[in-house]
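In structure tokens, one chain follows: the form predicted alone.
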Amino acid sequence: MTAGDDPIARGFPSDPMDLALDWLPGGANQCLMTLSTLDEGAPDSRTMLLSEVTRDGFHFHTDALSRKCAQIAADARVSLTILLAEQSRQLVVQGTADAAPAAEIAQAYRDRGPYLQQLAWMNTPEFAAADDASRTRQWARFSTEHTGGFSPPGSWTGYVVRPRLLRFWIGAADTASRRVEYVATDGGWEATFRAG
């Protein structure tokens, strides 16, 4: 690789988390992402909230009884796709989902708005199967019964995705888009340019 082909020599950081933190600033619950897990070898994806990005990795929180948690328990390899459409950017993260600390899990619940706090209690297969009128009544009743706020349900949990690969896509109106890919090595990170 020549200096011209090396993203680091062209001004990209040697640590991709520096770039991730620059792209995804702010506190909790800042953007949506697509989480992809493996379901008996086949990919399974859903859009959910990215709770936080730290030096440790990418944090998300959810119901421990969900299908995605069962899939992570069977195979902790995951992929995240974070689209920043207004900035013409996209970040893809491949890594391993580890259990988040208990204090972080509790804080993530407190950081959510009332709707998402209630959703953590009510987003069950039984509620999903109910007819619309019943769902509306149950939702309103549960909300009325908890006017003082919500505490986390016992099944509330969280994960930290520790990346082994990060791929930053950068769009451009006046030329072709491109990707900068970082792959973890024993000595740190190896960065290369990829076609858009």
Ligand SMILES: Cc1cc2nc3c(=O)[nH]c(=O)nc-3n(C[C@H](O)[C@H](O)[C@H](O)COP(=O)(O)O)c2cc1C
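Residue numbers here begin at 1 and follow the sequence given. Since this is a predicted model, take the numbers as computed values, not measurements.
Missing here is the form predicted in complex with the ligand; even so, the following discussion is about that form.
Please determine, with the chain shown alone, which of 124-132, 60-68, 159-167, 140-148 has non-hydrogen atoms within 4.5 Å of the ligand in the predicted complex.
Heavy-atom contact with the partner occurs in 60-68.
So the ligand isn't shown here. In the predicted complex, which residue out of 54, 155, 47, 136 has a non-hydrogen atom within 4.5 Å of it?
After the contact test, the surviving option is 47.
Consider residue 89 of the chain shown here, and say whether it contacts the ligand in the predicted complex, taking contact as heavy atoms within 4.5 Å.
Close contact is absent here: in the predicted complex, residue 89 is far from the ligand, nothing within 4.5 Å, heavy atoms only.
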